[in-house]
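There is one chain below, alone, in structure tokens, taken in the form predicted alone.
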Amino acid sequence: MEYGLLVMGAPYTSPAPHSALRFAHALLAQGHQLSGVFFYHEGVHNASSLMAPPQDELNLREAWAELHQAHQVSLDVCIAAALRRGVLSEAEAKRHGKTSFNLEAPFELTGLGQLLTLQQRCDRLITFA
């Protein structure tokens, strides 16, 4: 079965991102496919490269990046929600006259159309909010 994940919770303030990550690993271990993860609303903070959790805590951004590297899972971040919350790629930072950015590969800023494409491509789209 092919899955997609919608993550709407912020890291460290909501259990949603960690639950979504655990679910992703579980479904891949069961032989299912994970087509992509879409970060929306407060979930866009999962893509911030400025997170610096204590060493004894899971770094969620790095954990998502490792999932991408191991399984080629796309990590799409809603551009409107991200810009509104100060999560910017280098290109968007330049476009908006900002001096710094905090979103880097493998995360990618995309529009809501990407969420619709993910929903159509998958057998199940699971929301973590």
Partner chain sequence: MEESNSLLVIIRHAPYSSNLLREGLDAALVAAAFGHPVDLLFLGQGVTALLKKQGSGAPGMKATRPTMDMLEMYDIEQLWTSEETLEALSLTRSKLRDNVQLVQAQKMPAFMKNYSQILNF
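Here the structure is a predicted model, which is why all the values come from computation and not from measurement. Numbering follows the first chain given and starts at 1.
Here the subject shifts to the form predicted together with the partner chain, a form of this protein not shown in this document.
- Shown here without its partner, the chain carries L6, Y40 and L125, all of which come within 4.5 Å of the partner chain in the predicted bound form through at least one heavy atom.
- A81 is the sole member of L88, A63, L34, A81 with a non-hydrogen atom lying within 4.5 angstroms of the partner chain in the predicted bound form.
- In the predicted bound form, none of the heavy atoms of L109 sits within 4.5 Å of a heavy atom of the partner chain.
- Of the heavy atoms in T13, none are within 4.5 Å of the partner chain in the predicted bound form.
- Contacts between stretch 54 to 69 and the partner chain, counted in the predicted bound form as any heavy atom lying within 4.5 Å, involve no residue at all.
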